[in-house]
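Read the single chain below, which is given as structure tokens and is the form predicted on its own.
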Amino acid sequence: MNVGRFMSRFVTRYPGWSRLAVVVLFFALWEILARFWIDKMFLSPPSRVYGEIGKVFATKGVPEALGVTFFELGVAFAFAVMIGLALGLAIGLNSFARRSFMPIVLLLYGIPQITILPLFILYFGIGAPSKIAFGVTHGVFPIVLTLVAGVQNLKPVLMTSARSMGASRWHILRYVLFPHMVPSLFAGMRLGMAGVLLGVLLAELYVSISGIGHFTSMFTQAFDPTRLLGLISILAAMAIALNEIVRRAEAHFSKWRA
């Protein structure tokens, strides 16, 4: 019990050190398992992975593939945010649209999207447009759902008060609706970003000769866990950087909440 209380107090007072301890423990377990229990053909220790990460960049085509994937990810995420924002506001602010289209959105979101990947290849080809479109379909639904939920939590009295004081639609959107839905919007953007990354990589994995997904498949088939894990680490760093950008944007637009 005393140990539990100590850990609870430590986590509450020093969250940064707690996160660091979890990360260190994870890498220590990974190092031990990879060195002493698991075959080197299937798992490399982190000391080797990060010591040879330069070989990943030295692999022919990998730097270009990183650029292609980052471009596809950025474009798909931008489209997902724009479409999700428009649909979320249109459905959330109108009761008729909510009753009519929300069940359809939920139905489409429940479809395993990997099953319709051939349709994207048929319509958009095997180039970047198919990866971008497939990434958009993975990222737009979380944004729509969280926005609709956020708009629904807005107290009607705030909208009524703004209209009674002569606020225009733009003023209501800018000063009443947008500040209230900031947490929902950015929560949806974080979920949407993960979905976009998943969609783009899945499309590259199955129907591409360029991009990170292609090299992930190639390293897996070659039983090269060192370069595979190095590539995954680069992707993780990319995702963390994008998530930090979204977090800072959320902090900027949420200053008034403090």
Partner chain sequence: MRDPEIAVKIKNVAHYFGEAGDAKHMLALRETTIDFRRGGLLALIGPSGCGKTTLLNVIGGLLTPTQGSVDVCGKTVNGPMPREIAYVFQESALFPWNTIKENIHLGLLFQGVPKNQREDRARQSLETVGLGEFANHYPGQLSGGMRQRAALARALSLDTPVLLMDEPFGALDEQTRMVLGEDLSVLLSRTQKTIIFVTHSLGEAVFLADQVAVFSARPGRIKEVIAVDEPHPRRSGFVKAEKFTRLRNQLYDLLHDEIRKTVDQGSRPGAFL
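Because the structure is a prediction, the values reported are computed rather than measured. Numbering follows the first chain given and starts at 1.
As for the form predicted in complex with its partner chain, it is not shown, yet the points below apply to it.
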Practice problem: Verify the flagged residues 28, 48 and 51 against its partner chain in the predicted bound form: is each one within 4.5 Å by a non-hydrogen atom? | Solution: no
Self-check item: Contacting member of 93, 83, 126, 162, with respect to its partner chain in the predicted bound form [4.5 Å, heavy atom]
Solution: 162
Quiz item: Of the options 75, 133, 154, 149, which one has a non-hydrogen atom that comes within 4.5 Å of its partner chain in the predicted bound form?
Solution: 154
Quiz item: Taking heavy atoms only, is residue 87 within 4.5 angstroms of its partner chain in the predicted bound form?
Solution: no
Quiz item: Taking the shortest heavy atom distance, is residue 167 within 4.5 Å of its partner chain in the predicted bound form?
Solution: yes
Quiz item: residue 176: heavy atom within 4.5 Å of its partner chain in the predicted bound form?
Solution: yes
